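Next up: just one chain, as structure tokens, the form predicted alone.
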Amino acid sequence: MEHKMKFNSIIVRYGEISLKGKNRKSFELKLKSDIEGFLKARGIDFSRVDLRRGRIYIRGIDQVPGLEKIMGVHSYSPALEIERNMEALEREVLFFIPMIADAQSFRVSCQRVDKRFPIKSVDLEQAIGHMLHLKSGTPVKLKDPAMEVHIEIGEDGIFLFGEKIRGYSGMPYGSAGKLVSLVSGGIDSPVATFLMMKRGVEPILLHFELSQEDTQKVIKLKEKLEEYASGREIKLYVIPRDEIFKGKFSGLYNNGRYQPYICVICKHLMHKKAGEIAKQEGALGIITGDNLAQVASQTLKNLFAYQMTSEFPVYSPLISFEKEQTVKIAREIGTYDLSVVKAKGCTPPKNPKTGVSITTFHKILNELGL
């Protein structure tokens, strides 16, 4: 029989933020604000969000929101907040009895976030564990129990909970600044964007349109990434590919001299445009889904040839990933199924250059007026 955990609050834990020094408070306040924005954007009722050292408490809530989608959240627990005394603890902890009785074993884990509470954690664990054992008949097992009862002593109250839901951790959304992200309808670029969002980046998406179907994929990918943006909208620029080629793409693609260079030329022009948008948006660099040696345009020589174009730093978090690693993250964050939908995209040349020299590349660009 399934027994539902009753709760009236949620404990939110953060990891890396706690290592910050003098500016820690600003990151904590940013995460608190993101949680409030996330809940309001989803129409989830709550009374207030309180910040305490090492914890954020959502009070007056009766739904379990997907807080793992908020960047900076290490873990969270739906919890029952009770009065901060032993009488209340011994009375309210009994709601775990039916769940413990259905389990083969259990243990009690106590953490005193507020060390001023007079009873030590180990003494609380032993006393409450013994009481629950007598009332349920279920044996206590300290290592790998079937169920764990958590007690957390806060500054204002005692919290009882049964699970910790893992988040992506990282830094609050937008706390690091803006980057322009080159996105296609493929698997890699949305994952690269997500990983930089996890580091506190607010992405500005830039897509070069190859077909309306391909752009519709990108719009859906944008909407999926927005699920991790704490209730904010992510800006998307859509520019026809032929616009950056000044109408010359078809002629170059069908020209025997220039066709082998078309992928590197295309990346050069994309980075050039990304740099213009970065200046316009106050962004501090560019995100790409580049993966070393995955395709012809992503050899070291070719990356060198076009990544210098924008005059901005280029961040490629997938540069050393195996494809399986990227696919795993894409499935986890929900972009994979959107990315694999077939749409008219780019057709690479038959014999693309894999090692373009910078001298030859600049010579060709000058010939073409690009």
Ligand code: ATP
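Sequential numbering from 1, following the sequence displayed. Everything numeric in this text was worked out from a predicted model, so none of it was measured.
Not on display, but discussed next: the form predicted in complex with the named molecule.
Interface residue among Leu206, Val264, Ile158, Val73, judged by heavy atoms within 4.5 Å of the named molecule in the model of the complex: Leu206. Proximity to the named molecule in the model of the complex, taken as a non-hydrogen atom within 4.5 angstroms, holds for one residue of Ser77, Gln298, Ser175, Thr138, which is Gln298. Only one of 93-101, 164-172, 107-115, 206-214 lies within 4.5 Å of the named molecule in the model of the complex by heavy atoms, and it is 206-214. Using a 4.5 Å cut-off to the named molecule in the model of the complex, not one of Ser9, Ile61 and Glu81 places a heavy atom inside that distance. Contact annotation: Ile187 falls within 4.5 Å of the named molecule in the model of the complex, judged by heavy atom distances. Mapping the unseen interface onto this chain, Ser230 falls outside it, with no heavy atom inside 4.5 Å of the named molecule in the model of the complex.
The named molecule is not drawn, but in the model of the complex it has a heavy atom within 4.5 Å of Val183.
Of the heavy atoms in Met270, some are within 4.5 Å of the named molecule in the model of the complex.
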